Every structure is written in structure tokens, then in C-alpha cells.
Ligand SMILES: NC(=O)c1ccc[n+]([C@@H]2O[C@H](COP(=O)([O-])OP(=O)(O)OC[C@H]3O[C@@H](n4cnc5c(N)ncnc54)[C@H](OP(=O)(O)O)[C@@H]3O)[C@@H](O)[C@H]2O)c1
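First, one chain by itself in C-alpha cells, the form predicted on its own.
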Amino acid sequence: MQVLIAGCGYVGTELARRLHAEGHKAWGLRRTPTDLPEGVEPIAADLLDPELSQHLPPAEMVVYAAASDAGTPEAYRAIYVDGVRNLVTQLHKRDGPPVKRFIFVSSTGVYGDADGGWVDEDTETEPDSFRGTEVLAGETVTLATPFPSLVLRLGGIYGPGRNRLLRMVAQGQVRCPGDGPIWSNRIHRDDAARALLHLLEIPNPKPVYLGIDDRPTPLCTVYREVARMLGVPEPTVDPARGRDRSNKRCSNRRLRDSGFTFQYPSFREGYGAMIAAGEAEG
């Protein structure tokens, strides 16, 4: 298998490492492709470059895993919509085999508020921010391409190096919201990369999958369980802290039914491994 990872960042780099370890060919494309895993071919290019085809390798599989470098509507549209559209156009221009599979890494932000209820791939998408709106537009572009394409909607990604929550709990800097359970939906970086590899390999994938671990969990439960694992006082409830995110529980049943199993089925295993590795220190 020959795979181009367009936007080879936090998850894409781990995917590239796993592809190489399994004997596949991987290219990592980003503007400054430093620190890629051994054996992964770097491509220094911009996804918005009108001459991008000159840099594209003969990959038969493509994973679009780019992330915006700014939190503005313009930046989001540039990377999640214009970048996808340009890459598809440039793939048609390049010399090489036809693309057999194109995966767009999306977000559960494409859903609106569900008042704590369950959502899945068939739930209507009603984003409540420009971030979700632009990512959803990128999904639309992807699924309209002439290539066999699909979307993986990831929840909150955590893992090695993303230890802000651990450190804040360790330092007593978190408080539970005071207006009832606010559900969090997470996936460890390694499982996100493993899910992408799985979806590159399975026959006849469906158009959309949710990439979430097995245990959507109230945010306060996460804080308190992490505090217990760290051996620090539990955070208290702050009645003045309201809900600052859409409230939903995301189902991973479709991904599970496709044969995927999680290395970190809940935040407990994932954060536990990070704590054991010293990620909460410093």
C-alpha cells in the first residue's frame, strides 16, 4: 500500500509511523516536514499551491489530515475546504495510479447540541460554530470527489505530548461545571491513527465513521477519575461555570462493527498510560 498523508501532523505522523512499520510506503506532506518518522518520505508543500501536482507522489491512497493553524473562519475554510478541493484537482493532474481511497479526517464538531443525547453517523449535522460548518463543508467536497472517499469524524484527541488536562488536574486548576453533566467524547492519538489504517485496509467502507472510544463520559467524571489516578484532591463543582460546549454522546458502533478494536477503550486506560509515562509531571 502506498499512502500520501496530506497534513502530516499529530495523528498523521503516528499513522505514517505505523504504515512504515507494517511495510507500507508513506509520504508525509506539510509545509515544513521535519521530524517525520524514519522511513517516511517528506514532501515540503502547501496544500493551496496551484502547482501542487508537481510535488505529489504516486500514492494510491490519500489521507487528508490537515489542521487549521488559526482559529478564524477564513483559516478554517482555507484548510478544510479550499485545501481539499485543490488537492483533488492536483491529484487528477499528477502522473501516477488512480486514487483508490481518499479519507478526510473530520470532527464531531459537525454535530450541534444534542442535550446530552446520543449521535451517530446518521444523525443530522447541524454545527453550531463556524468550525463545524467549515469542516462539514470539507466533508461535502470529499464525498463528491470522483475518488472512492470516506470521512472519519474524530472526537477530542489526546495522547503523548497533549497533557494539558493532566497538568491542570495535577495543579488543581479545573472545576466541574455547575449545570449538570457535560459529556466528553475522546480518542487517544494512537487509536485515531489505528482507525485510519483500519479504514485504509477494509473492503467496501461506508461513507462516514465516528472515531470515538467506547466510553463517552461526563467531564466532571473525567476530572475526578484523573485526580484519583494522580493522587490529588478531586476538583469541586463551580456553580458559576456554565456549559461551554455542545453536549452529546457519540456512538462508535459503526467503527466497532467494521472490526476495529481499541487499544485505549476509555480515558482511564489512555490517561493511565500517560501518567505512567510521566506526562503529568513538570
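Residue indices: 1-based, along the sequence shown. Small disclaimer: the values here were computed from a predicted structure and weren't measured.
What follows is about the form predicted together with the ligand, which we do not show.
Student: Just to confirm, with a 4.5 Å cut-off on non-hydrogen atoms, which of Arg175, Arg162, Lys100, Lys93 contacts the ligand in the model of the complex?
Tutor: Of the candidates Arg175, Arg162, Lys100, Lys93, Arg162 is the one lying within 4.5 Å of the ligand in the model of the complex.
Student: Have a look at Asp214, Glu60, Glu41, Asp46 for me and say which one sits with a heavy atom within 4.5 Å of the ligand in the model of the complex.
Tutor: Checked against the cut-off, the match is Asp46.
Student: Using a 4.5 Å heavy atom cut-off, which of 270-278, 6-14, 254-262, 19-27 contacts the ligand in the model of the complex?
Tutor: Answer to the contact question: 6-14.
Student: I'd like to know whether Val237 contacts the ligand in the model of the complex, with contact meaning heavy atoms within 4.5 angstroms.
Tutor: Contact check for Val237: no, nothing within 4.5 Å of the ligand in the model of the complex.
Student: Give a yes/no on whether Ser184 approaches the ligand to within 4.5 Å in the model of the complex, heavy atoms considered.
Tutor: Outside the cut-off, so no.
Student: According to a 4.5 angstroms non-hydrogen atom cut-off, is Tyr80 in contact with the ligand in the model of the complex?
Tutor: Although the ligand is absent here, Tyr80 would touch it in the model of the complex, with heavy atoms inside 4.5 Å.
Student: Under a 4.5 Å heavy atom criterion, is Gly155 part of the interface with the ligand in the model of the complex?
Tutor: Output for Gly155 is yes: heavy atoms within 4.5 Å of the ligand.
Student: Hey, which residues along 99-121 are within 4.5 angstroms of the ligand in the model of the complex, non-hydrogen atoms only?
Tutor: Val105, Ser106, Ser107 sit within 4.5 Å of the partner.
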